[in-house]
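Only one chain comes next, encoded as structure tokens, the form predicted alone.
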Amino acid sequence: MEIERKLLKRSSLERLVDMMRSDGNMIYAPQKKETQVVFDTIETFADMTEDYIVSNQSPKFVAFPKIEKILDFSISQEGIRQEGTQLAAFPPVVVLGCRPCDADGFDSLTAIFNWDYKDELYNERLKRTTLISISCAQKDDYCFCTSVKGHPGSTRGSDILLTRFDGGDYLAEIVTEKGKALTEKYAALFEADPGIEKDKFLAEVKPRFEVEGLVQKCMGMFEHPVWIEQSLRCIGCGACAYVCPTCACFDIQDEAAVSKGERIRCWDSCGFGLFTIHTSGHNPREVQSQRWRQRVLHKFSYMPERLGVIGCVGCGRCSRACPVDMNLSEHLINIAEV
């Protein structure tokens, strides 16, 4: 649909939060907790913080939870009984205040979870989720969204994108039918297009590399020695994967007693030494350089070729979280130049 522009005053946004909660929506927004900014449920607009660049973790967990029950099972004399997760029980969710790169990440996740099998758990959660993003007015040295086709004011992935301008009010860009339905439901809060150009209120993030060329180069670098050189500091802790908006590796485990239990899906990481180990003990990625290669090539070769999307949104979380300073954008620049 064609993007519609509205004015959303700050006072109206505060009322919008109250009204959405009253209508049964679970609202996640960024909050300051000690030294971190995390997405958690809020009760009022005052619980939310806007003074941050990106949160420490992405809000991908609303559609792809860290730990998620797939089914219950039990064994008795009558046989084996299993019962899947009740999709209809998923609550309506609004993610308020995520960044454009976070919203963009859901597009990558959607491509992954609908590639060869349509994942009903992910799809149903996302179907019940509305993304109201806020453009980036500030950035730091870790941000590189413009290098991977993103932008501090990108509407891609968002249902509604808010850009804050002077005075504290917002330009609201209604991007999707889901966003349009929300603005129509609370129409009294949204006013006519203020006629403001948003670019001057956005952070300036200069591109660091040309991603199309990087993707083409990655496709022929499987045996390149650069992977060994770059991985020497990597300790395989998985922090990069757990904060990433697009990483979707998971493990499936059964937690059971004698006659009953549940099957769960939980986040995993291709950077872990045990991720690819076989029952025989053989590990096709037995050293960290192979696991680092997999992480980079999956995002910048396999996903573009197979799914038509880049597996990175340039948020820089992985580099911020890395305990040994594995800076992804610097490594990508290095790869582009070898």
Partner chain sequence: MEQDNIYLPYLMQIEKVTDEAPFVKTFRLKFSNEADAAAFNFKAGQFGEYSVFGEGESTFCIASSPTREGYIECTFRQAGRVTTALATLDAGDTIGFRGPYGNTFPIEAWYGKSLLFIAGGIALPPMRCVIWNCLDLREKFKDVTILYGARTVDDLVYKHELEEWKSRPDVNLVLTVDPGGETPDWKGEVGFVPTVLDKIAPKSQDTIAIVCGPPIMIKFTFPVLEKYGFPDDMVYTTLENRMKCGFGKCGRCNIGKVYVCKDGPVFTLQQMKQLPQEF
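Keep in mind it's a predicted model, so treat the numbers as computed, not measured. Definition used throughout: the rigid core is the maximal C-alpha set that superposes within 1.5 Å between two forms. Positions refer to the first chain, counted from 1.
Below, we refer to the form predicted in complex with its partner chain, which is not included among the displayed structures.
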item: Any non-hydrogen atom of T176 within 4.5 angstroms of its partner chain in the predicted complex; value: no
item: Contact test in the predicted complex: E305 vs its partner chain, heavy atoms, 4.5 Å; value: yes
item: Contact test in the predicted complex: I70 vs its partner chain, heavy atoms, 4.5 Å; value: yes
item: Its partner chain contact at I80 in the predicted complex, heavy atom, 4.5 Å; value: yes
item: Answer option from L189, V93, V205, L121, heavy atom within 4.5 Å of its partner chain in the predicted complex; value: L121
item: Output flag, T41, G167 and F201 jointly within 4.5 Å of its partner chain in the predicted complex, heavy atom basis; value: no
item: Option from 193-201, 85-93, 180-188, 99-107 whose residues, in the predicted complex, bring a heavy atom within 4.5 Å of its partner chain; value: 85-93
item: Members of 86-119 lying within 4.5 angstroms of its partner chain, judged by heavy atom, in the predicted complex; value: Q86, L87, A88, I112, F113, N114, W115, D116, Y117, K118, D119
item: R233 C-alpha shift between the shown form and the other one of 2 Å or more, rigid core reference; value: no
item: Rigid core superposed: K260 CA moves 2 Å or more between the shown form and the other one; value: yes
